[in-house]
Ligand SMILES: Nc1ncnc2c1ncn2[C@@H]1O[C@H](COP(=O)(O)OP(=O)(O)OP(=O)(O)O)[C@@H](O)[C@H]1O
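One chain follows as structure tokens, the form predicted alone.
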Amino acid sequence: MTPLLEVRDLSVLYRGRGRRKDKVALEDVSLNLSEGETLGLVGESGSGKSTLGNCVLGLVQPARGTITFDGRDITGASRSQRRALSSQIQAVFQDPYSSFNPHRTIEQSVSETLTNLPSMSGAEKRARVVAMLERVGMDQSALAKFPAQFSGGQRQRIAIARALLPEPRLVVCDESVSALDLSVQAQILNLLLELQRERGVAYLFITHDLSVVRHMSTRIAVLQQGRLVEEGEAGTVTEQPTQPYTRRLIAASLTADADVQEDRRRARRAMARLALNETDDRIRLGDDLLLAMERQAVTETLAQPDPRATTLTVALSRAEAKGGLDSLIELRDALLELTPRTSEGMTPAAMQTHLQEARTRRCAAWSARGQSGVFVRRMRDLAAAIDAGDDAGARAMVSALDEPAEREVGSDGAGPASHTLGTRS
């Protein structure tokens, strides 16, 4: 199937003025976007995200490369060609305060996107504008008002109505919710998803917020200093990133989940105590850090829309085939690799040494007691609880990883008591 939007080997150079050097904003970037799909474009400030979006909109001319829309090269489209394209390609920008002319009414501002459509009467235009405003949660009374009479969230709703009024096939959303409160962000994001399901519109969704892009996107492309460093399905990129830069972005993302926040604080405190410790209590503090980070890894994983214990499941299959102390250590290592924030690549080198020592020490204790099989069973139960979305069960299992094995023996003394898995409500 031919992509709706195809970008090939796109490069953009901003010429410096005076003593300022030239800046390469994009370098050989290639990506594509299909009908009805959302491609999340992420990266830190200055990574080239907005530049790419502006190239698609015709606001920036690339130094080389091509942009194809619906099979037609629009890289060097003229002003008249761009005006004709405006009914098919629209944009929702970051700032709802500067997106409107303050001296024009909402009716005048919104209806201007109908200019390049086949002629219609004023009454028809007005009816179409009213219908779209109502669809985004506004009413007819908004028509005669000016932008300053609305809140930021209301203005962004009106901006979405303006963009979708001509029924475009592609909308470039450039940080379209970053200036809004969290509660308003959620409303706007859900509205965009609802409208996409209704109209089949494709979104190029530009943001620096990984939690937002995970919620919105079908696929994700990651830009670093103008280069495309990773691309793939949204779940794969956010849960199993291959590049250190992507892991850093994920680790820096904020969350509103209270359990995740608490476990992150607990792990940070454990690291701080270990870094500042000047006594011989490093063994206990190292154990505390390991347990805090294991709990954080499980909580972070459970906070995902579709939690999966992938790295732990793979390690379990190897442990059961190979056995031995090294297998137990590998299992504990795989537990921290469940999420980028607790993975080896994101943990300070000084802390890695303490974690490795704690892992070896705790696993050696299980092995010395002849209870390696009990530990593996607990890990298997933990992986099953995560995959079932059983929050309480998984947290209980990770907290019990170093409890005495006698607690797992059933009333008949024959073996481990079964762990009843619940489901997420």
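Small disclaimer: the values here were computed from a predicted structure and weren't measured. We number the residues from 1 along the sequence you see.
Missing here is the form predicted in complex with the ligand; even so, the following discussion is about that form.
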Which pick from R247, R214, R308, H208 sits with a heavy atom within 4.5 Å of the ligand in the model of the complex?
H208
According to a 4.5 angstroms non-hydrogen atom cut-off, is A25 in contact with the ligand in the model of the complex?
yes
Answer for N32 alone: is it within 4.5 Å of the ligand in the model of the complex, judged on heavy atom distances?
no
Taking heavy atoms and a 4.5 Å cut-off, does T68 contact the ligand in the model of the complex?
no
Residue-level question: is S47 within 4.5 Å of the ligand in the model of the complex, judged on heavy atoms?
yes
Interface stretch in the model of the complex with the ligand - options 352-360, 393-401, 37-45, 376-384, non-hydrogen atom within 4.5 Å:
37-45
Residues of 6-21 having any heavy atom within 4.5 Å of the ligand in the model of the complex, listed in sequence order:
Y14, R20
